[in-house]
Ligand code: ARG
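Only one chain is shown below, in structure tokens, and it's the form predicted alone.
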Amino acid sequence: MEGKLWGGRFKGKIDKNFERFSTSIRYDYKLAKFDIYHSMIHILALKEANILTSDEYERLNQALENILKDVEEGSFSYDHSSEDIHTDIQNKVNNIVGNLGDKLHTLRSRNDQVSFDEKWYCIEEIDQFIDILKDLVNVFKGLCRKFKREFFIAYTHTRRAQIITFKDYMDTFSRMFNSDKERLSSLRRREKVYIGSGAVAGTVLKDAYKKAIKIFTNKRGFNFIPIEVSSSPPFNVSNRDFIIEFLSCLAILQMHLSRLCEDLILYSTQEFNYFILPEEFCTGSSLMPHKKNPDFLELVRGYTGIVYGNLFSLLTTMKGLTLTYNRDMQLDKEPLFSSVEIVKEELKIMTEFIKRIELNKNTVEEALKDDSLYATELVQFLVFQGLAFKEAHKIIGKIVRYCEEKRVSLRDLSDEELKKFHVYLTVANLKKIMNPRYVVSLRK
């Protein structure tokens, strides 16, 4: 089994179709940087345990530094024939230092490596998501300031409900994305990167790993990454809860993005026309020259199914696995990478998109003339005159029905007509109440 990290117990060659089917290098190459970090800590531990000489350590470390430089500069390329990223890096080290490279994998297992790599990948990505979400929340706050004096219509059941400020409308989405940030921050605070699990039962290098971690993190300035020697190797190699929780956070975040997109799509239609969408994020029709299609928003809404599916894919993969590591768990990476890449790209574009949307003030002002938007405040007015809420609710309901049947506006009713419903209902009182600024000022 030349070029593999195993094979002594096998005498025949692996089936080529199975070999191609089982490889993961085509996607786990994205973990190259973190796998190199694992190797750097590992050879430090081997040196501390006197398994490697100082010269052997230096040569191996320099080989890893060379490969890491390629990764950081974007010139790293993997060998398509490698089984996985762990094997690929091992082979690259062998190409640089020859037979000394065979000592790189001394007393460790890929089970430990992959858990280490994925955990560090998740932590690094979470940090990036937190920063991007901060930017998006700030953009919403900027929009709130820009339109701070404007009103908007709140809907329930997709029907006009009550008047709110546009600031409150935008703040709702701001709070959704802020809660996503807090959810990810909580996950970030709780998770640690573990090393030294071996295949399942732990390591004889525990003390050496402790020293190696300290040396490595200080040298690299990685003290912000919580690395520890695993206290429960079986748990560490069998656990993918941290990925599932990360995917869950991203699924909720994607839901918020999708809801935002649905609002912007609906309220920018000619039927509503509350928003004017930035052209830079829209496309036209190959047939109809008048079209300005909200394709970015539609694609985000469409990707929601994939992001949800990635979460359920991994939940389903893990649901029936015996302890500890099983090869099924190799399939955790594609859903993880997929959701991270989709949601991150969406957030970056959405941050620019939100900056450029415009509120169509004239259309909103016209909508604010709708009598029904003030019905709740009229009930409230009667309650403060001493009526029971049920009675007040009934009275205003009757007036609404009366206006619908007569096809007249509530504003057009005379004092005489109004007093048929209740003595406190007068033209003067209605004029005072049926004003956006007044009804918003009532709410604390």
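Note that the structure is predicted; figures quoted are calculated from it, not measured. In this text, residue numbers run from 1 along the sequence as written.
Another form, the form predicted together with this ligand, is not on view; read the next lines as being about it.
- Contact between Y194 and this ligand in the predicted complex is not found at the 4.5 Å heavy atom cutoff.
- Among heavy atoms of D84, some come within 4.5 Å of this ligand in the predicted complex.
- At the 4.5 Å threshold, heavy atoms of Q330 reach this ligand in the predicted complex.
- Taking non-hydrogen atoms only, E377 never approaches this ligand to within 4.5 angstroms in the predicted complex.
- Look at 89 to 97, 105 to 113, 299 to 307, 156 to 164: in the predicted complex, residues with non-hydrogen atoms within 4.5 angstroms of this ligand sit in 105 to 113.
- If you check this ligand in the predicted complex, you find a heavy atom from every one of S24, D28 and Y325 within 4.5 Å.
- In the predicted complex, this ligand lies beyond 4.5 angstroms of every heavy atom of every residue of 244 to 275.
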